[in-house]
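Below sits a lone chain in structure tokens, taken as the form predicted on its own.
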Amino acid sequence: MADDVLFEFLHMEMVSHVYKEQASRDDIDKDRITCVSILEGMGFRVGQGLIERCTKDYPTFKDDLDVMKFLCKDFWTSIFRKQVDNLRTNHQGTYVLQDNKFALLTQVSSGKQHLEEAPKYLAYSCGLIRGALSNLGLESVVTAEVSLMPSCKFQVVIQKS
């Protein structure tokens, strides 16, 4: 329980720090893109490391769907103490992970008043997913969308090489 709160506070402080550092610059739109990129990069590196720990005693995966199931159950649980609520796929490399009570958004608000602030709190998590998949040999593009807080959807598009 205490670990969860510490992680949530650390995440909020990381977001706050990155945005404050960039606030002194002139171009606001460029800064927003830079901040999201920095947070996503931090998440990418952490995701790479965490997936190594989670999969060290796990057998190899059969296919992309197996990897995504592992990500939604074991990986997500190791970070957020709960599984993803819903996983959907079109069986062509696109997956949608839905978390109806996403831990990193519950502290921000539970309504529509802070909806425009949500993307900056999701960049790190997108990086976590992308980093984990990258370390498992799957290059991907991960985006997040929020229509009603604290619920969010992560869309993962696996890049076929």
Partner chain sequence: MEICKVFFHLSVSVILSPLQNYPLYIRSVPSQSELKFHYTVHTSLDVVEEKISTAGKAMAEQRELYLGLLYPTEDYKVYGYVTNSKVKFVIVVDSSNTSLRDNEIRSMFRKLHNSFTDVMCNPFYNPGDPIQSRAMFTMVSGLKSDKCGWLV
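Numbering follows the first chain given and starts at 1. The structure displayed is predicted, hence computed values, not measured ones.
Here the subject shifts to the form predicted in complex with the partner chain, a form of this protein not shown in this document.
Peer 1: Answer with yes or no whether L136 is in contact with the partner chain in the predicted bound form, where contact means some heavy atom within 4.5 Å.
Peer 2: Judged by the heavy-atom cut-off of 4.5 Å, L136 is in contact with the partner chain in the predicted bound form.
Peer 1: Verify the contact flag for E116: yes if a non-hydrogen atom of it lies within 4.5 Å of a non-hydrogen atom of the partner chain in the predicted bound form, no if not.
Peer 2: Close contact is absent here: in the predicted bound form, E116 is far from the partner chain, nothing within 4.5 Å, heavy atoms only.
Peer 1: Under a 4.5 Å heavy atom criterion, is Q92 part of the interface with the partner chain in the predicted bound form?
Peer 2: Result no; Q92 lies far from the partner chain in the predicted bound form.
Peer 1: Decide whether T55 counts as a contact residue for the partner chain in the predicted bound form under a heavy atom distance cut-off of 4.5 Å.
Peer 2: Yes, contact at 4.5 Å.
Peer 1: Counting only heavy atoms and a 4.5 Å cutoff, which of 94-102, 119-127, 57-65, 34-42 contacts the partner chain in the predicted bound form?
Peer 2: Flagged stretch: 57-65.
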